[in-house]
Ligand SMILES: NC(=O)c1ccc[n+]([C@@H]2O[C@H](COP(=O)([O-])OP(=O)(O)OC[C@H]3O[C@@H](n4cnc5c(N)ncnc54)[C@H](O)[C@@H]3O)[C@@H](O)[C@H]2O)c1
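Below you will find one chain, with nothing else, as structure tokens; this is the form predicted on its own, and questions on how it binds or moves follow later.
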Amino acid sequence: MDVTGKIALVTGGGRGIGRGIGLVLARNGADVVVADLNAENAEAVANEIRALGRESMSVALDVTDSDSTESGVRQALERFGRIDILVNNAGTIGAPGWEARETPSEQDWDFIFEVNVKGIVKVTAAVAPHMKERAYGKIINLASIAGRLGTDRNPPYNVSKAGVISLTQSQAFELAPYNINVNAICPGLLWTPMWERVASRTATSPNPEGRSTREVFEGYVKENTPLGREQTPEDIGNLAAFLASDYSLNITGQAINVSGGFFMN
């Protein structure tokens, strides 16, 4: 998975899956622009990447704001001159305060789509023209196994991730003439800050066993994953590095599960 000398931009790169992807790309030779709404988190990850011997910069970027996305991309281009790899990782599971709501509100629907779907559209719109000029690019969108099946837990999140899978296919068609590959990754069950918030709802609801959020998560993994183990940000990063490399030359428009068998195509 050689991406030596490539320049990558990772949105939502300041923690969780985004951080894992950025670090794996760096270990495989890429220089990484860490873009995140939280500038402090982004800079912390950029420092980790520099410690690996690669170049890195952090940019404050709000994927819901076109001016912010264009500014972040412009800063990356001014520093590195090009963007070879775009990882659209930024995502959300609900509007602020979603944990306290038994059912998603209209605000949740709007906010989730602004971040998870339209955010990808906006960042890609800012990066793709530069890739087209060079007739080269790798775009990786983060979907989810939640986009593969409906549940009653968080319909707007599921629907948004199904939208990411469909959007990936549309982008793949649109950008193929410019030698740009577009693929999606569908992560499974990872212990990230987002999943911890999900598990906290179960741990604070009727919970006669008094399980912690971590125990709730581990139980869910064992019940639903054939391999019986959770996935990690590095697992997602490994696939991202492959899709970002020239080993994936003839792979485009695909949505690939990394879920320990939770969902099988």
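This is a predicted model, so every value here is computed, not measured. Note that residue numbering follows the sequence shown and begins at 1.
The protein also exists as the form predicted in complex with the ligand; that form is not presented, and the subsequent description refers to it.
Stretch from 129-137, 73-81, 183-191, 96-104 whose residues place a heavy atom within 4.5 Å of the ligand in the predicted bound form:
Only one stretch qualifies here: 183-191.
Find the only residue in D31, E43, D62, D235 having a heavy atom within 4.5 Å of the ligand in the predicted bound form.
Looking at D31, E43, D62, D235 one by one, just D62 meets the 4.5 Å heavy-atom criterion.
Does at least one non-hydrogen atom of L239 fall within 4.5 angstroms of the ligand in the predicted bound form?
Output for L239 is no: heavy atoms all beyond 4.5 Å of the ligand.
Could you confirm whether I17 comes within 4.5 Å of the ligand in the predicted bound form, counting heavy atoms only?
Contact check for I17: yes, within 4.5 Å of the ligand in the predicted bound form.
Find out whether any non-hydrogen atom of W195 is located within 4.5 angstroms of the ligand in the predicted bound form, and reply yes or no.
Within the cut-off, so yes.
Look up in the predicted bound form whether I85 has a non-hydrogen atom within 4.5 angstroms of the ligand, and give yes or no.
No, I85 stays farther than 4.5 Å from the ligand in the predicted bound form.
Within 75-112, the residues that have a heavy atom no more than 4.5 Å from the ligand in the predicted bound form
N89, A90, G91, in sequence order.
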